[in-house]
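Next comes just one chain, in structure tokens: the form predicted on its own.
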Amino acid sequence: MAVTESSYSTGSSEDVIIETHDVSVYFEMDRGTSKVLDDVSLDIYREEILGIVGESGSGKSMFASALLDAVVAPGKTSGDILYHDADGSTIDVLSLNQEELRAFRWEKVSMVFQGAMDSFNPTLRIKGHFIETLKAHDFDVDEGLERATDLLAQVYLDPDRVLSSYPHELSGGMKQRVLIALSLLLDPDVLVMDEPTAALDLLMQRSILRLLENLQQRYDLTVLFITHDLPLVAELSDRVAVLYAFQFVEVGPVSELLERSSHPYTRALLNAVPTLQTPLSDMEPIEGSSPDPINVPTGCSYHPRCPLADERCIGEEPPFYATEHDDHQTKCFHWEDAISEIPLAHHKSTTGSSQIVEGKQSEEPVLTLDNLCVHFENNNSFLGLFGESQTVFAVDEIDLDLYENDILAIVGESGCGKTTLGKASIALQRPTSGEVQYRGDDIWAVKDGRSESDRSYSAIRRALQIIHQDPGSSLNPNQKILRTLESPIKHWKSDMSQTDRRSQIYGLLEYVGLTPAEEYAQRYPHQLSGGEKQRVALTRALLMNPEVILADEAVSALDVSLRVEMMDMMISLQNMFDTSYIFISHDLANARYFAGSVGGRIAVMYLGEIVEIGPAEEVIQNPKHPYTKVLKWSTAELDSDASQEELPLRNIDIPDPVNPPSGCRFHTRCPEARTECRVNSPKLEATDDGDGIEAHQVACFLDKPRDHPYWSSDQLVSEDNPTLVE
């Protein structure tokens, strides 16, 4: 049965806090009207958590901005947005003047933006931000600061320390929690969160989700959680609304969408999400790309990518259909067929099965790290004249081999030393001590002229390449892609003709999916999407025919729907070029997919040390170190009934690498810590699982026999708070 767009859900009208009817956001451009939100209608219910999901550019952020009439000029918003206050009055949001909007945006509906750092004045202490907000809304400052202190404590922050700090003195997770506290300062009824956890580690993401659940219940909040990350929505939301091509295509309870989603796009999106339990072979990217807002396909906008599309889908726009569940509606002619024709991969679990894939690694190491240390001098003094410098222990005593055709995924929180270790491995960072050997030659001895090797430093550097986390910042915005790609070939292969040079470039561009290659080569970086820029960065690295590529968070900035596609492409290129990868990631699911698909390894880092390493699937399914278990706990799954066990940590925030804890560096946060952990540091040693290249190693006393001193030492807890280490 078809239903009207205004009846997306079936709650009573008394439950509705925000109504939207036929809301559009559009921009007039030289090449036409760009409609980035297209006549959407959706009721938001009081005290619910509503997840809004979709790929980048689908209209998620525009929907959030429209709710507050905050679309930036020259964008225009049309339609009806009605806010129903608790006192029974109704506010027509799009008719408010600037003074009325100012009050509405903080006192009724508050917003937490994606970039926490961009939301703060860098010259103002955190206390000043709270005072500024209170004064702007004529609230009593003293009473407001008392509430601020209470809110900061509720988000697991030290109010005294935070209020006296400048934004740059706080970590990303701390800034995001401050922003949540600030958004709740004036006691709003609705909290709109636009990708609030996108730039955070998974552990911090999961912690903030638990925090939001507690705050929502305590303050009777209505929460709009906007994200491209379906697992986060699965854990947090009551309902989910899926956006595609600037329209909602499916809306329903989260359990319904995860178990019986009925739009082909929703099901494809679920199948593209890397998880820890879905069989590796069943995760698939979505073919094709999202449409241009100026040239949206006729009929069903998803039909060019849909395996079920027919002539009706091409010529006619589908209405919303009610499914078997009253609150679940979908915009698809073939919704019943979608359920049977497009199986959901996450329904197949690998739990209880190791699924270790045999890789093609040789036993010949390309890179060998021997007792590698990288320490930085952090000078906080004024102009370097006063005060003492402090040593940051970024990487400490790492021993590691990277083999031919190998993939080593390095995971851990921000600040654990992943990127520093990666850069030191490919000779972009000189070590403080220890050695980095390339095929037996000490790289820095070669560079300094202290080696008798016939191999030159420039040849080593060509063999070790990098793909940066932000491909946009690594591409010259003033150069066309062709010139960017030609530059390294001209430098290293000066005898190659222009014809051969361009033939090689076009061939690689075609291979990585940038077709027609000649057209893409003439574009500037700003004319490419994030995924396309990443493909260009990969092409540039491969043009040197490298033996090792450092991929530093190479997929973290991409949509979930694009991550598997990008990783699949990198794996296929490994087979072509016999390349090894060092894959840096804070996402355990991405690391599992990339390394596990080819029999690679995962190394878990914490405060400059590797605490566990082994075959990818072995580390995921049989983690030995408590920190690895924490990372696994923090990885959200596609399961609305996911385990609600408490955070398995004593403290949320990672210690300062300037002053790392004694003994085992994880002991200040570890739920299994004993006094032995505070005194002595466990060594990375093989467990009983595997040997040689496949060895599973862990640095933890938990893996020791029962006669080890750890087992007879006392547990580390505080008498005042049993969840905090002394």
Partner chain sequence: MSTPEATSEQDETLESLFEGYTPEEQTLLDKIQTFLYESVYSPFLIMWVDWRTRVGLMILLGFVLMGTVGPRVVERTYVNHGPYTQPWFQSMDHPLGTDRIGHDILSLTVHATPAMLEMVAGGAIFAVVVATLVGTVSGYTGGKIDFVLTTFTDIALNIPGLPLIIVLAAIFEPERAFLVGILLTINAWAGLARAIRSQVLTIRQEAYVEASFTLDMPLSYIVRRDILPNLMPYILMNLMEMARHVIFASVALYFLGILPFTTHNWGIMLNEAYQHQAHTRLDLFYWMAVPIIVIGLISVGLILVAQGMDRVFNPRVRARFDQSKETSTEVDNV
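Residue numbers count along the first chain shown, from 1. None of the values given here were measured: they were computed from a predicted structure.
Omitted from view is the form predicted in complex with its partner chain, to which the following refers.
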{"item": "One residue of 140, 146, 578, 85 in contact with its partner chain, assessed in the model of the complex (non-hydrogen atom, 4.5 angstroms)", "value": "578"}
{"item": "Of 651, 456, 78, 371, the one that lies within 4.5 Å of its partner chain in the model of the complex (heavy atoms)", "value": "456"}
{"item": "In the model of the complex, residue 544 touching its partner chain (heavy atom, 4.5 Å)", "value": "yes"}
{"item": "Close approach of residue 499 to its partner chain in the model of the complex, 4.5 Å, heavy atom", "value": "yes"}
{"item": "In the model of the complex, residue 503 touching its partner chain (heavy atom, 4.5 Å)", "value": "yes"}
{"item": "4.5 Å heavy atom contact, residue 629 and its partner chain in the model of the complex", "value": "no"}
{"item": "Location of its partner chain contact in the model of the complex, chosen stretch of 240 to 248, 615 to 623, 488 to 496, 215 to 223 [non-hydrogen atom, 4.5 Å]", "value": "488 to 496"}
{"item": "Heavy atom within 4.5 Å of its partner chain in the model of the complex - qualifying residues of 469 to 485", "value": "473, 474, 475, 476, 477, 478, 479, 480, 483"}
